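Only one chain is included here, represented as structure tokens and corresponding to the form predicted on its own.
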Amino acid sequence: MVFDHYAHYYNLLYLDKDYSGETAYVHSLIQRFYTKPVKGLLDIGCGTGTHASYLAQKGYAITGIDLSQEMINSALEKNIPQAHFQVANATDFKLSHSFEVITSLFHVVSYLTTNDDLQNMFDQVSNHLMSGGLFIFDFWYAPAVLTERPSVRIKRLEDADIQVTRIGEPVLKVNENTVDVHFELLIEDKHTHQLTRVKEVHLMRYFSLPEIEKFLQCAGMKLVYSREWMTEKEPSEATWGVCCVAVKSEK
């Protein structure tokens, strides 16, 4: 399963990610578009729980779900106050209560490569949102992917015990609106110099805003915000990540 091996090195690979700034951005969107108190927040594709940790510091009670047991295990190890984590699929999860806010960050939506999967996820989000609640998510933006084209990327990070080199080789499939990202991780134990090799393929889909808006409408939600991730810029051919806020229709 995707991420089950990758999960062991996930926190190190994204040690340089601005989780604090991203959380502040999401928090500002919640304050901007939802004027009532927020009692509960669901994070779909929560990964190892780092966004959840920062959101909990903002006072949110967090429920996090992820398809990978390894990711959930890592999130549980953080012992985050006011946070609950469980394994569940974004396309068919069923929880016992609704939420004022649902998030799905770090391009989780782009991992849903079929129309049915995306619609099923949006339907489940709508089913678990209170009337007037917010859905905040981001995705790969089609104009940028097709203009700049994915390229091979190499990333290196290390801690006291290991050095990780990640090589990402993308294969663009223009007729399917997808990118197959072939990841190879080279992990060197700094004490024994033993080398471990891990390979995974991550299938990603890029979307246009009209596509996203249509799927949201079919799920009973309205798009109210679409901007470049962490800026107020209009999406452009240089915008790889677009952030959206959708509101569940009032009954």
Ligand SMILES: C[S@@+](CC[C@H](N)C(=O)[O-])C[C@H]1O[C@@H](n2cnc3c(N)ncnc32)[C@H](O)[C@@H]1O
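As the structure is a computational prediction, the values presented were derived from the model and not from experiment. Residue numbers here begin at 1 and follow the sequence given.
Although not depicted, the form predicted in complex with this ligand is the subject of the following passage.
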item	value
Which of 46 to 54, 24 to 32, 188 to 196, 208 to 216 sits within 4.5 Å of this ligand in the predicted bound form, heavy atom basis	46 to 54
Contact test in the predicted bound form: residue 108 vs this ligand, heavy atoms, 4.5 Å	yes
Partner contact for residue 119 in the predicted bound form: this ligand, 4.5 angstroms, heavy atom	no
Contact test in the predicted bound form: residue 68 vs this ligand, heavy atoms, 4.5 Å	yes
This ligand contact at residue 177 in the predicted bound form, heavy atom, 4.5 Å	no
The single option of 80, 90, 136, 129 touching this ligand in the predicted bound form, heavy atom within 4.5 Å	90
Candidate from 101, 145, 112, 164 lying within 4.5 Å of this ligand in the predicted bound form - any heavy atom	112
